[in-house]
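One chain comes next, on its own, written as structure tokens: the form predicted alone.
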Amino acid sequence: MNGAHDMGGMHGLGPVVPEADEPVFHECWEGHVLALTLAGFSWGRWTVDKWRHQHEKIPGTDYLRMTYYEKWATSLVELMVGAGLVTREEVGPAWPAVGTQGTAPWISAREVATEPGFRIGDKVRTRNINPTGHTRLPRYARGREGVVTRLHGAHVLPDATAHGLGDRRQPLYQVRFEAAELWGPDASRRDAVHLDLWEDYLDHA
């Protein structure tokens, strides 16, 4: 979906400034949120893609204001409420309502019956889609041409599993895009971006 989370290539957000000697957690509660989130997948009530999509549904003004683990905490609460594991009253008023639920844990490589539609070295063009649901095809790379550089095997399609529509296993490719193809002639000719993209996102160029 097109939201505040998909900021690749956007201007005006200021520089990314690495924090010197950055700690693993800035606050004790952040470690608790990480542990609770990982434990939450063991219920099998949502997939990692549904969890990512829950992040995307946080309103843009809140998303840009929140810290990294505040987003995690908000998404976890909404998933638990949506799955009926806790009530809004039990959680309390600390978290905004953004809500849904889910199915099974991590994306993993799987066997798939059909042969991959693309080979290493093939020129491909990404589809120009604007879904209202979850997708791993970033906005800046839609409708762009690249070259397949690696085949990762078959993986569950996030666009399907995020919404409880089954795995829809299909080939996953690494695709190389020249920076100028993504951001125009002012981009450095020395730079390129490699993206892992599912077969549904691609057409032959």
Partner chain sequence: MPPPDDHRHDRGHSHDHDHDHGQAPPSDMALRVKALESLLAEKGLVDPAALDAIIDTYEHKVGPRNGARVVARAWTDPAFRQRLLADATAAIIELGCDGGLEGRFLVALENTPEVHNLVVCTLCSCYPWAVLGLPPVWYKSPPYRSRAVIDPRGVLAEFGLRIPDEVEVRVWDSTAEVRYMVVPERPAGTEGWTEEALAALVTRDSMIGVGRGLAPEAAA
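Remember, predicted model here, so these are calculated numbers, not experimental data. Positions refer to the first chain, counted from 1.
Another form exists, predicted in complex with its partner chain; not displayed. Remarks below refer to it.
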| message | Counting only non-hydrogen atoms and a 4.5 Å threshold, tell me whether 33, 36 and 70 all contact its partner chain in the predicted bound form. | response | yes
| query | Using 4.5 Å between non-hydrogen atoms, is residue 155 touching its partner chain in the predicted bound form? | reply | yes
| said: in the predicted bound form, is there a heavy atom of its partner chain that lies within 4.5 Å of any heavy atom of residue 138, even though the partner is absent here? | reply: yes
| said: With the partner left out here, check for me: in the predicted bound form, does some heavy atom of residue 48 sit within 4.5 Å of its partner chain? | reply: yes
| request: Flag residue 160 as yes or no: does it have a non-hydrogen atom within 4.5 angstroms of any non-hydrogen atom of its partner chain in the predicted bound form? | output: no
| request: Enumerate the residues of 164 to 188 that have a non-hydrogen atom within 4.5 Å of its partner chain in the predicted bound form, in sequence order, or give none. | output: 172, 174, 176, 183, 188
